[in-house]
Every structure is written in structure tokens, then in C-alpha cells.
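Quick heads-up: it's one chain on its own, the form predicted on its own, in C-alpha cells.
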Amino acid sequence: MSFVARLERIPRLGVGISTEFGAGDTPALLSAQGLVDFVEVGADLERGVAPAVRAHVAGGGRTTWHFLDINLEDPADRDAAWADGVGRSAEAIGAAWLCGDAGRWRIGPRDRGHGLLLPPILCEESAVRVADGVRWLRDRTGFEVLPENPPGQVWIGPWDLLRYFAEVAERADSGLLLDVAHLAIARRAMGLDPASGLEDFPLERVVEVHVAGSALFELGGRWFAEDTHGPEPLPETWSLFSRVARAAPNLRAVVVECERNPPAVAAALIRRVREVWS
């Protein structure tokens, strides 16, 4: 079944907040107060989901599953037992789909809580392998799989970042998770206009968007941005989000990554996101 046909089965979730082990009580509190429509559960299979997530699900809350433990690009990482476990875990929390960064979560064997994340090499061979990984995980679990553009200050390869993910989506016939905070960080590091390349990007494949705060730092006389999930998104992040929110016809969900902020701070950021995506 093609992505266009599968779109009919992909629900509109609304505005959500991310969570993961050690993230604190903010996601659970905002969910209980009805300030978010769903929770995106960042998880690896070894640790599973936190008690707050189970409570959210028990109360009828909706979720998505954000994997933290597969290198989609690496054929050796396509472990059937792992994928079956992820499928069961995602089903147990009623996840609408699977998603996660298309980068290197680790070097070496899968390990509990290993959080290294490196960007992919921006070339055709890498895009083909990631697309194969997306198809494999989708076929194995039965869930839609949305690859996400990861953060990064240094990008290697002859292709542009957006061309790379457009190629991945085309070859996998998949939707996409576009993290506009990650994109703003990458464009700043490359010295490019934040929106460069969006005019040719398949926004009709964007099912989910991430918005998050970043912190600026100076290195060698240049200013870069770090993906902190803090309370202040870059101006470029807001401009990208506004543009994508208007132009992505199949956008089903926006996740505000502010899980470690105080509830009042996170709530203010979520309300602003709702105002833009109205």
C-alpha cells in the first residue's frame, strides 16, 4: 500500500509533548491538565516506558513511540527480536506510529540507555540504506515509521540535508518527521538561509513536526546553536515552523520538546505553538 493510501489510516493527534526516562513530571502534569493532546514517548527497548507514561495511557492518553536505539542506516542493526519487541511495546501504549532520528544512536552493539547521536553521511548510498531500514521496520512492526532529521553541527557528504531526507522518503515511500529546530541548527552551522531547500522539499510527506528550544554558543569566532530542548526556540525555528505549518497539507502532529522545563514554562511554549498551528 502506498504512502498516499496509508495516509487515510494516520490519525491527527494535535499538539503533544515529548518525554523519556528521567524527564521529570512536566509531561505528565500537562497531560493531566489537558494542555497537550498526546505524549511522544522517547524509549529504548531495554528500559521500556516510565511509570508516568503508563499512567498517561491508563487514563486514555494518546502516544507515539520515538525510538532511541536503532541505527536505521545499518543493515546489521535490523534485529527481528528487537523490532518485534518494539512493535509489542508500541502497541501496548497505543502508539499511533513510530518515529526517530535517522542517524547513529550509538557505535557498536545496542546498549541500555546509550545516547550517542551522529548525523548520517549525506550521500545516495546512505539514503538508500536508511530507506531500506524504514521499510524493514514498517513491514516488521506494522506501524508507520517516520524518519527524523537529527541535530548536528558538522555534516559530511555531497548532498544537501533536505535533499537527503527527500530521497529517503521517496525510496521508502514514507512520511517524514521534520524537526525544524534541528534544521535551524544545521542551517546556522552551514551558514545557509534557514529555509533554503524547502521550496523543493516534499512537504506533503511531513506528518509530524518538532519544535524545541536551543542555546547559542560561540566557537572560533562563530555562533552555533545546541539542541537543548529549553524554553527558547531560535527565531529561525519559529519562522521555519510557521512556514511548514502553513504548507504541509498532511501534518498530523506537532511535538514540543520541552520535557525538562517547569510546567508553566512548557505550557507557555505549547500555547504559542498552538497559536502558530491554528
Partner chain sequence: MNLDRVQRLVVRMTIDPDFAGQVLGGLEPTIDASTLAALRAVDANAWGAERGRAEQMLGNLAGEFPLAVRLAAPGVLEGFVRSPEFHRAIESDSSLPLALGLRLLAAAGPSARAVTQLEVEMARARRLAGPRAEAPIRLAAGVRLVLLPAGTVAWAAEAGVAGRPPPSSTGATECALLAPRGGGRWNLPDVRVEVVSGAVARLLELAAIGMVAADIVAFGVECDASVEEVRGLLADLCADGILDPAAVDV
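Source: prediction; values computed, not measured. Positions refer to the first chain, counted from 1.
A second form of this protein, the form predicted together with the partner chain, is not displayed here; the remarks below concern that form.
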query: Check all three, Ala55, Leu192 and Ala267, heavy atom within 4.5 Å of the partner chain in the predicted complex; finding: no
query: Heavy atom within 4.5 Å of the partner chain in the predicted complex - the one residue of Asp139, Glu170, Asp79, Asp200 that qualifies; finding: Asp79
query: Interface residue in the predicted complex among Leu29, Leu251, Leu45, Ala50, criterion: non-hydrogen atom within 4.5 angstroms of the partner chain; finding: Leu45
query: Residue contact check: Gly115 to the partner chain in the predicted complex, 4.5 Å heavy atom; finding: yes
query: Contact test in the predicted complex: Arg222 vs the partner chain, heavy atoms, 4.5 Å; finding: yes
query: Contact test in the predicted complex: Arg104 vs the partner chain, heavy atoms, 4.5 Å; finding: yes
query: Glu232, heavy atom within 4.5 angstroms of the partner chain in the predicted complex; finding: no
query: In the predicted complex, segment of 171-179, 81-89, 192-200, 142-150 with a heavy atom within 4.5 Å of the partner chain; finding: 81-89
query: Those residues of 85-111 which, in the predicted complex, come within 4.5 Å of the partner chain by heavy atom; finding: Arg104, Ile107, Gly108, Pro109, Arg110, Asp111
